[in-house]
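Heads up, the chain below is alone and in the form predicted on its own; it's given as structure tokens.
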């Protein structure tokens, strides 16, 4: 039995990666990696399904015990993926999908694990659309939306660390692109990926 592959989706906050992870998990049968976090659950989130919600003390103990494959501090909260469950799924031949930021992705890349790793960075169609998405979340806090917009300019610069960068203008189109690129990677076929299109889009987003 062949070992599972790892698929990473990252994005600046509000670009839609969590929805895409759910779609890929449901439609392609990927196992979703559930992260531990110290942040407060949002109104629609369920412990053990969206995240494992833990306090700072517990998280720091897990860091000390070397339980994480990757972890990072984002907006004053910790997020991390534990090794045990991930390796168990990969050894069973299951493909695992990660919803993590660029810090966590770099940690996984640097470990040079034996499993195949395909990384995607999701971008919003425009700054205006991103701000609209952030403002529509249940946080309804303009200060938080403003803070995340400032963070966006830093986060977006990490696009170069990823195999593929996808613009999420339409959810279904975006899903199909990711799905096709994953299939190309697995079957070792050439894809239609156009890095110049991405470079031009990044220029517009940060100008």
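Positions refer to the first chain, counted from 1. Since we're looking at a predicted model, the values are computed, not measured.
From this point on, the text means the form predicted in complex with a small molecule, which you will not see here.
Asks: Residue 168 versus the small molecule, in the predicted bound form: is there a non-hydrogen atom within 4.5 Å?
Replies: Taking the distances in the predicted bound form, the answer for residue 168 is no, it never comes within 4.5 Å of the small molecule.
Asks: Does the small molecule get within 4.5 angstroms of any non-hydrogen atom of residue 175 in the predicted bound form?
Replies: No.
Asks: Does residue 39 reach the small molecule in the predicted bound form, with heavy atoms at most 4.5 Å apart?
Replies: So residue 39 counts as contacting the small molecule.
Asks: Please determine whether residue 81 contacts the small molecule in the predicted bound form, using a 4.5 Å cut-off between heavy atoms.
Replies: Although the small molecule is absent here, residue 81 would touch it in the predicted bound form, with heavy atoms inside 4.5 Å.
Asks: Taking 125, 149 and 201 as the candidate spot, are all three within 4.5 angstroms of the small molecule in the predicted bound form by heavy atoms?
Replies: Looking in the predicted bound form, the three residues 125, 149 and 201 all stay beyond 4.5 Å of the small molecule (heavy atoms).
Asks: Among 113-121, 127-135, 100-108, 84-92, which stretch has residues with heavy atoms no more than 4.5 Å from the small molecule in the predicted bound form?
Replies: Every other range fails; the passing one is 100-108.
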